[in-house]
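As a starting point, one isolated chain is supplied in structure tokens, in the form predicted alone.
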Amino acid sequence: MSDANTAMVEKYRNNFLKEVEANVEEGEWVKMCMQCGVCSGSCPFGPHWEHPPQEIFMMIRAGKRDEVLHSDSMWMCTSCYNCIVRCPRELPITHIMHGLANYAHRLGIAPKMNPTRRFAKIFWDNITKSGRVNELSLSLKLYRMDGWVSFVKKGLQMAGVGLGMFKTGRLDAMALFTHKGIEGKKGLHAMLKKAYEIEDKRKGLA
């Protein structure tokens, strides 16, 4: 084989597919997609995807690493599982999409302003702090996600709902200050730290 042909083969050798198979949950299933489009047609957000799932899988197999990992698409998944139920090849599409999102996040190249990603981070920080979600604190941080002006506007819009919840005993303002979480929080934090270390070592990101 000539040097020119060897260079061409190397250019089109898909190392990204191997990377996905090695680092993304259920990534080995990507090559099984037959591009029928049932997943996109089954998704409630189908018309709003930048790249629907079968297109993401095609892009992975085409080696389009930057386009995939910098995309908002994986963060659109709401875990409704319609795609998995209807996929004729029973691909774990939801798991793959979440796995791609998590991998992009761990590499530090996920879109920073994506609202779903920002919600996920706020929720994760909330629940890992004490082992149990502080719903009031979570709501306040979500309202403040786009700044104080947006926080005030959303607060005024939801004032009626909040008042109704307070009257019916569904909203406890003191929970913001009295929330204690689970017993043994130190143990939880130690387990999470160890899990991060194992994950980094396994994926070669340490």
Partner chain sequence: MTDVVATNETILVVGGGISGMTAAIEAAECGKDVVLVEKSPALGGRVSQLYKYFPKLCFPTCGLEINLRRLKANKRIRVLTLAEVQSVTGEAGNYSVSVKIAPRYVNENCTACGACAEAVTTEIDNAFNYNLNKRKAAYLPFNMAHPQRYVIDPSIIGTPEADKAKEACRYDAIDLDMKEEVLELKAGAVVWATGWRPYDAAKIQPYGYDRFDNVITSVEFERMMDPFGPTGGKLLRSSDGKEAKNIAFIQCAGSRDRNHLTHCSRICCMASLKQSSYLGERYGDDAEAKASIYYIDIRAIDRFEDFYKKVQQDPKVTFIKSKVANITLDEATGDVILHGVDTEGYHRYDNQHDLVVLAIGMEPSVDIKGIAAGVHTDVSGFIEVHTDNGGIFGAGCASNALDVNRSVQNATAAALHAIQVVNRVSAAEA
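None of the values given here were measured: they were computed from a predicted structure. Residue numbers count along the first chain shown, from 1.
There is also a form predicted together with the partner chain; it is not shown, and the following applies to it.
- When the partner chain is considered in the predicted bound form, only one residue from I109, C80, V133, V85 comes within 4.5 Å through any heavy atom, namely V85.
- Checked against the partner chain in the predicted bound form, the candidates T178, Q157, S150, Q35 yield a single residue with a heavy atom inside 4.5 Å, and that residue is Q35.
- Residue heavy atoms within 4.5 Å of the partner chain in the predicted bound form occur in exactly one stretch of 133-141, 36-44, 63-71, 159-167, and that stretch is 36-44.
- The closest heavy atom approach of E55 to the partner chain in the predicted bound form falls within 4.5 Å.
- Proximity of D125 to the partner chain in the predicted bound form falls outside the 4.5 Å heavy atom cutoff.
- At least one heavy atom of R89 is located within 4.5 Å of the partner chain in the predicted bound form.
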